[in-house]
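Okay, here we've got a single chain as structure tokens, the form predicted alone, with questions on binding and movement later.
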């Protein structure tokens, strides 16, 4: 069921249950947000998405206000501009002026520049008691950069359902913490890195690029790929430093694709997000190897390796029959790869002894 409302003087349609933010963005209207994420329930915590609605005494948050028939909504006006500039200026007073050189972008700073907010940086320094060091190997928290939008804690609760982190303390000392300030290693945290993905200011970030001193670079290229750790096929973005490894490139970070664009909806597990070192590991095989009669291995071309394997399988079949052969594929392969393996087993060699380790 669809209805209509007036958006910046133009009649637009909407579906039942849609928020003003969803309607506006679907019709190309820019409304800034810091605490909003489509995967989470609207919180209206950051107040950057306030809009004017005819008949409303106060400006409501677009992310948490449902569209109703014949509403008259204004997404940009002098009043709204004053509100955004004032609000962002207040955020900046509790934010360090010197921004660390990290791969994570600070959406608050970018938004302040875009809307012309000029705050007295750091004039109200935070007294947050959040821990800066944690023995977990992947997630780093910098409380000075946190604006308490609660996207990380809400993600941990609503998407991952593990509740490893929460808002702790009161007033100016409010921060993100764990129970008894325990390490994430000693909580229910799955180290999925979802808190890093949703953080708008870089308060939650990856430890690996920090310890390796990876800095933002004009040579950084984002490449869409498929995670190869299981058969789900999650999409991920490889952040590649194209100037490293003598121009061959090096993966320095893995990020999530934009929410709603892939089957995994921007979610990744600990392996998909952090276990990318194997790509450049010195022990990784980069060429086929053929075992020699003396037990040693010789580098070979793919054509030679495939021919040797095919000849060996054919000899076993001719001596002992097709059922002496068995083909085992992997859940780390794509569905198409696994299909080809079973086709090779059944059609080429005539055996049904074919298995895939995920048993799907």
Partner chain sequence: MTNSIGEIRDADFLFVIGSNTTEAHPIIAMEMKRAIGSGATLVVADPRSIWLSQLADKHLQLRPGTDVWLLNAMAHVIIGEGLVDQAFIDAHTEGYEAVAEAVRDYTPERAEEVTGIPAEDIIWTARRYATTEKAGIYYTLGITEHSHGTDNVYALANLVLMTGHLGKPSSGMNPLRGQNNVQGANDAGATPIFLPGYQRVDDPEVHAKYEKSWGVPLSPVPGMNLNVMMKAVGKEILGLYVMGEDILLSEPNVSRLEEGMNKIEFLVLQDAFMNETARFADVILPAAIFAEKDGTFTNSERRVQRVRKAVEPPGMARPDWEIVCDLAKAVGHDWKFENTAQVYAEMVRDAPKFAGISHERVDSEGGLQWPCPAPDHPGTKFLHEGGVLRGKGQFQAVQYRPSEELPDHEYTLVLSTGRTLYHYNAATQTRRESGLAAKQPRMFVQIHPWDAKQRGITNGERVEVYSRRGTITADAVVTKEVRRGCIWIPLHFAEARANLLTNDAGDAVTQTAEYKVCAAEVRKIPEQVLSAE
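Numbering follows the first chain given and starts at 1. So that the term is clear: the rigid core is the largest set of C-alpha atoms that superpose within 1.5 Å between two forms. Since the model is a prediction, treat every value here as computed from it, not as a measurement.
Keep in mind the form predicted in complex with the partner chain is missing from the figure; the text below concerns it.
Participant: Out of 267, 201, 75, 205, which one falls within 4.5 Å of the partner chain in the predicted bound form, going by heavy atoms?
Facilitator: Flagged contact: 267.
Participant: Just to confirm, with a 4.5 Å cut-off on non-hydrogen atoms, which of 100, 137, 116, 216 contacts the partner chain in the predicted bound form?
Facilitator: That would be 137.
Participant: Answer with yes or no whether residue 31 is in contact with the partner chain in the predicted bound form, where contact means some heavy atom within 4.5 Å.
Facilitator: Residue 31 lies outside the contact set for the partner chain.
Participant: Given that the partner chain is not shown alongside this chain, does residue 69 nevertheless sit within 4.5 Å of it in the predicted bound form, heavy atom to heavy atom?
Facilitator: The answer is no: residue 69 has no heavy atom within 4.5 Å of the partner chain.
Participant: Is it the case that residue 305, even though its partner is missing from this view, gets within 4.5 Å of the partner chain in the predicted bound form, heavy atoms only?
Facilitator: Yes, residue 305 sits close enough to the partner chain in the predicted bound form that at least one of its heavy atoms falls within 4.5 Å.
Participant: Would residue 251 sit within 4.5 Å of the partner chain in the predicted bound form, counting heavy atoms only?
Facilitator: Answer yes; at least one heavy atom of residue 251 falls within 4.5 Å of the partner chain in the predicted bound form.
Participant: So which bits of 221 to 235 sit within 4.5 Å of the partner chain in the predicted bound form, heavy atoms only?
Facilitator: Sequence-ordered list: 221, 223, 224, 225, 226, 227, 228, 229, 230, 231, 232, 233, 234, 235.
Participant: Once everything's superposed on the core, is residue 41 shifted 2 Å or more at the Cα between the shown form and the other one?
Facilitator: No; that C-alpha moves by less than 2 Å between the shown form and the other one.
Participant: Against the rigid core, is the Cα displacement of residue 280 between the shown form and the other one at least 2 Å?
Facilitator: Yes, the C-alpha position differs by at least 2 Å between the shown form and the other one.
Participant: Can we say the CA of residue 11 moves by at least 2 Å between the shown form and the other one when the core is superposed?
Facilitator: It does not reach a 2 Å shift.
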